[in-house]
Structure formats: structure tokens, C-alpha cells
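A single chain comes next, written as C-alpha cells; it is the form predicted on its own.
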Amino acid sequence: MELHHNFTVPSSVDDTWATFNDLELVAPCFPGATLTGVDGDEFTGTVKVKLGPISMVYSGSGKFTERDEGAHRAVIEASGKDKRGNGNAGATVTVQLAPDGDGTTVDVLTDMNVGGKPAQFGRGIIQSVSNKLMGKFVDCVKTKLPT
């Protein structure tokens, strides 16, 4: 399932790029996320997500598979398994930054695979939950960016 998000932040593309590549700075902005380790382009952590009546705590890892500073494009692959056995999830997230006046437009394409109990929910519920999470993430990231 593909999820698409697009937003603008009030910071230059270079400052936004630097902030987005600082995982220890931005990871806490994602609601329910805890970063447990960073080693170069790889990281580990947990994400707590509530989807309808089911709460999951995914524990997993991810890595940057592409990080093109000149093009301001990054691709991250991540996967995790719910600690209570409700299923697995994996995602490839492509982030593309572009100048937009004095700010930066951020385009995020997420190719997500969800298995187990969460897979019973339709795209509409998953899209709705991801929109809320992304909104909170963007609000937080804006406070981390230099202006």
C-alpha cells in the first residue's frame, strides 16, 4: 500500500536536509517512536501505533538505502515485528526535498506492507492514522528546524 504525504516547512532546503538526516533529533518527533541505536546509515528502535482497537509495539531496524545530498533525496527501508505477535510491518520511505520560496517542500512516499491483525483494517483507516501521525511529526519537526 502506498501512502503519500506532502508538506512545507519554513526553513531552507539545506537546513531541512541536515535536520532530516539527524535521526537522533527527528526520530522523537514521530509519535510513539523511540530510537534505540544509530550506527552509520542503520538504526534500531520501537514504534507504538494504535490502529482501531489494536495497539502494536513494533520493534525493528532500518537503514538508509539511498542518501543523495545533491538531489536532497533519501530512501529508508525499515521493518519491525509487534512484540505481542500481532504481526509484522515493513516500509520503504522515499523523501524528496525541494526549495519553495523561503521554505522547503517535503514529499514523502511510503510503500508499506502490513501483516497480521493490522492487515484486516482497510486502506482508509491506515491512511487516516498515518495522516494524524504525519501531522504531529510535521508540527514537531518545525520546532527543530532553524528559521
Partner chain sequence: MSVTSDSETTAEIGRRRLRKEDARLITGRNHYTDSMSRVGMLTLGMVRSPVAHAKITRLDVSAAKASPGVVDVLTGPDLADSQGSLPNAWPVTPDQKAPAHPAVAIDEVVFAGEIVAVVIARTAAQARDAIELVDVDYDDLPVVVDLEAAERDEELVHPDLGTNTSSVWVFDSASAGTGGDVQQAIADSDVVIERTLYQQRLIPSFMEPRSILVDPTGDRIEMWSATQIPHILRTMLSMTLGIPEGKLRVTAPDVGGGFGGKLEVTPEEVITVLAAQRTGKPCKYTETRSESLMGAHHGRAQVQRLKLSANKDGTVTGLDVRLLADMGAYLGLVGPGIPVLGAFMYNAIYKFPAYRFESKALFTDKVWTDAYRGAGRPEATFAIERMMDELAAELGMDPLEVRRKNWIKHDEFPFSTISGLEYDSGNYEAATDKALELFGYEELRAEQQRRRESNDPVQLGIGVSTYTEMCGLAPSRVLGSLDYGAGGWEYAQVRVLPTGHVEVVTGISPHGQGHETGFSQIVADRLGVPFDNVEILHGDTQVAQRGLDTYGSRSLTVGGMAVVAAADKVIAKAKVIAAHMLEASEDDIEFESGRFGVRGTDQGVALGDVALAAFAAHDLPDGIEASLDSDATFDPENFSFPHGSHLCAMEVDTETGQVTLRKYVCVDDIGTIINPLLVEGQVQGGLAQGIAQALFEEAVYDDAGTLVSGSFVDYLVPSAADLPSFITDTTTTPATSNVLGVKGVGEAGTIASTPAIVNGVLDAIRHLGVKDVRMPCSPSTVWAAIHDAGSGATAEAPNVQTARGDQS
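Residue numbers count along the first chain shown, from 1. Since the model is a prediction, treat every value here as computed from it, not as a measurement.
Not pictured, yet referred to below: the form predicted together with its partner chain.
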Open item on the list: So in the model of the complex, is its partner chain close enough to residue 65 to count as touching (4.5 Å, heavy atoms)?
Closed with: no
Task: its partner chain contact at residue 50 in the model of the complex, heavy atom, 4.5 Å - done: no
TODO: Using the partner position in the model of the complex, report whether residue 119 sits within 4.5 Å of its partner chain, counting heavy atoms only.
DONE: yes
Task: 4.5 Å heavy atom contact, residue 86 and its partner chain in the model of the complex - done: yes
Task: Contact segment among 133-141, 120-128, 21-29, 8-16, judged by heavy atoms lying within 4.5 Å of its partner chain in the model of the complex - done: 120-128
